[in-house]
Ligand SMILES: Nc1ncnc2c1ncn2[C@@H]1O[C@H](COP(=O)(O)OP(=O)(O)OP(=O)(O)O)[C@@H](O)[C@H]1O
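A lone chain, given as structure tokens: the form predicted alone.
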């Protein structure tokens, strides 16, 4: 199966000729240039490239945080690039779980409350939110910290809490932006193991990373350079 055939068969996510330009002064900067990529359900894919290559812009397209200047973004049959802000927010709340390098846990909420928050925004799991959040924290091995504030946890524990939060609404798509960039090697490997486990369960995981040793066990690596897929 050649690359084009694989792209046609990879039906969960399709980016079709996606170009994104940002205005800069009297001109524009092209962050993505005619990117066409297909991802299958359950794939664990890394996105690599130097700073400014378009990695984060690509993630923002998949999350419907940003819209392409040209082209189409289709996730599980939904044309997410055509959604308005309200539609995109509702879709993102149930379809996408996001994990960041610096965790982005709310500092005044307990770990349990942080994990419950996406359920409250999406109005899901009413009556069972605390129970579900506790189960997710248990799966991450940090349920003993449920009542603590994020500042009381180590970096690795905070990232596990962030992954639990990303799973709160049972999304089929996990987007991770440099999730191991602020962790030591041992903890980073444990986090990567969690992502591999989520992929085996059928979730599609797309992870932006600079670290070549982070891609072991990943199905595919997409390499960007100046907004173009080079491999």
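Residue numbers count along the first chain shown, from 1. Values in this document were obtained by computation on a predicted structure and should not be read as measured data.
If you look for the form predicted together with the ligand, you will not find it shown, but the lines that follow are about it.
Participant: In the predicted bound form, does every one of 52, 55 and 178 come within 4.5 Å of the ligand, counting any heavy atom?
Facilitator: Checked in the predicted bound form: all three residues contact the ligand.
Participant: Just one of 166, 31, 39, 206 has a heavy atom within 4.5 Å of the ligand in the predicted bound form. Which one?
Facilitator: That would be 31.
Participant: Choose from 180 to 188, 197 to 205, 43 to 51, 167 to 175 the stretch whose residues reach within 4.5 Å of the ligand in the predicted bound form, heavy atoms counted.
Facilitator: Going through the listed ranges, the match is 43 to 51.
Participant: Quick check on residue 210: any heavy atom within 4.5 Å of the ligand in the predicted bound form?
Facilitator: Residue 210 belongs to the contact set for the ligand.
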